[in-house]
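One chain comes next, on its own, written as structure tokens: the form predicted on its own.
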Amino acid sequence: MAIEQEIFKKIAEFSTIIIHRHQRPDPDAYGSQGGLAEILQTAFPEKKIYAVGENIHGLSWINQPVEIDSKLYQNALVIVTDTANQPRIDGKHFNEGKFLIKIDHHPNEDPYGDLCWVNANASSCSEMIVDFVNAIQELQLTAAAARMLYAGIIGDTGRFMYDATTPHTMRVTAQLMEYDFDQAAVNRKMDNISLPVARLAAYVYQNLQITDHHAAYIVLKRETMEKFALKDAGTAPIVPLPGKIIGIKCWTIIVQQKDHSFRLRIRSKGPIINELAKEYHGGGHPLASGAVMADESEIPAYIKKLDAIAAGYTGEEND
């Protein structure tokens, strides 16, 4: 039996389904979670289906997750979308249900769950949800689901500029665009930035450090973020900016957290950077990963490693 059929069989068995996604969510986390919830609620109106997790203000236009009583997990099916490993799951009760399913597109280094469907070749988990619908005769898309999944795909592909975009991605996106929602409005919403983010973007370009071998980085301390009246989530729009500079091969946005640790957003136009992320308690895709470090003293050694990766890259520059 195909994995999609196995997942659907389990969905049909349960009257309560709780859908989680990862902490510090992005549009794909919101889109895949919300899109799946909408699709399943349409197919099974009698079931109780919840998309749970922290509701992030800047993403609430995609979907609005809820908080639920932990008692609802008893005899429930739990599905986690777009989350590579268990520590990143938003919500501490995800493993208290009767059955757990993982649906994800990141490298499968933590194959948690009773059923695990991972497609590392998919551009996004939202793309996988469309594939799931297409594989199951009893399921169908709706305009509301299509809007959420469309937002997830364009978010994770960087408006189709990232290498994860495939011909299949474009076919799936075209399928979603057949539904009655305003694609241009979603595109504008995804492209909008606030005035504080615009000012932070200028700061990043003015203060970006570039190594001898064309790796780039910037360290954003707590006082800097407070100056721009932004929290860590507000840095997401500036992560792609160094990659727009001709010659930059890979880069990292290093953001200090409340506990004075640092979050690393690592990106690349060619060199493989997810192995470096693993050295710093992280991971992800070969060209887009995240990591953390406990102390500022670790930053110089990290930058040397990032520069060495850039130096060792022999492929064509994607500029």
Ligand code: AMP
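Source: prediction; values computed, not measured. Note that residue numbering follows the sequence shown and begins at 1.
Form predicted in complex with ligand AMP: not shown, discussed below.
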Query raised in the report: Taking 4.5 angstroms as the cut-off for heavy atoms, does K102 touch ligand AMP in the predicted complex?
Result: no
Report task. Mark R263 yes when one of its heavy atoms lies within 4.5 Å of a heavy atom of ligand AMP in the predicted complex, and no otherwise. Result -> yes
Report task. Consider A288 of the chain shown here, and say whether it contacts ligand AMP in the predicted complex, taking contact as heavy atoms within 4.5 Å. Result -> yes
**Report entry** 4.5 Å heavy atom contact, N85 to ligand AMP in the predicted complex
**Finding:** yes
Requested in this report: Please determine, with the chain shown alone, which of 85 to 93, 177 to 185, 72 to 80, 215 to 223 has non-hydrogen atoms within 4.5 Å of ligand AMP in the predicted complex.
Outcome: 85 to 93
Query raised in the report: Does anything in 266 to 287 come within 4.5 Å of ligand AMP in the predicted complex by heavy atoms, and if so which residues, in order?
Result: R267, H281, G282, G283, G284, H285
